[in-house]
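Here we start with a single chain on its own, the form predicted alone, put down as structure tokens.
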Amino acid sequence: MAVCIAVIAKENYPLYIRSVPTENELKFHYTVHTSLDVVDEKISAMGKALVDQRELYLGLLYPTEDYKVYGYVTNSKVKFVMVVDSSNTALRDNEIRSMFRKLHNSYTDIMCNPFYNPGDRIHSRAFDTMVNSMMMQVC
């Protein structure tokens, strides 16, 4: 089950972080921020191939004892990080990929809103309900 979903700006500050067990919220913030180093390493390793390539999914960033951290980066260098409970072995890589595509589409809808200033924190009911439905869908 997905326990945390985060949207990180190009400059590496959080635009949106949502975690399911709210008592461990600080732990998930730390996990998301430590994963940014791995995201930057993967982006720099791809180099210019990332510009030519349409694949934005970074895959498994790193596993821990309790969680697996997955990453996705947009063309505008906005990063999506998803922390998944490692006890869920039924969750396949293509399902994670489709969840990131769904998250990217919802983020694109927010960016198309004329009342949203790019770079501001995301305060959208539609985005919240989409993230909550994704978290419940995986459960």
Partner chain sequence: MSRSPGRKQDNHKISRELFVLTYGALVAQLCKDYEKDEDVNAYLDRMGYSIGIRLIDDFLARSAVKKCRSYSETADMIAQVAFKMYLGVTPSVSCSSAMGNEFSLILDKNPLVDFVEELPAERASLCYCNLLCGVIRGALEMVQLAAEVTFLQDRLKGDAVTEIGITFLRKPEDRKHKRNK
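Positions refer to the first chain, counted from 1. Fair warning: this is a prediction, and the values are worked out from it, not measured in the lab.
Below: the form predicted in complex with the partner chain, not depicted.
Listed residues D109, E95, E41, D85 were compared with the partner chain in the model of the complex; D109 is the one with a heavy atom within 4.5 Å.
Although the partner is absent from this view, S124 contacts the partner chain in the model of the complex, with a non-hydrogen atom inside 4.5 angstroms. Taking the partner from the other structure, the partner chain in the model of the complex has no heavy atom within 4.5 Å of any heavy atom of T64. Proximity of S76 to the partner chain in the model of the complex falls outside the 4.5 Å heavy atom cutoff.
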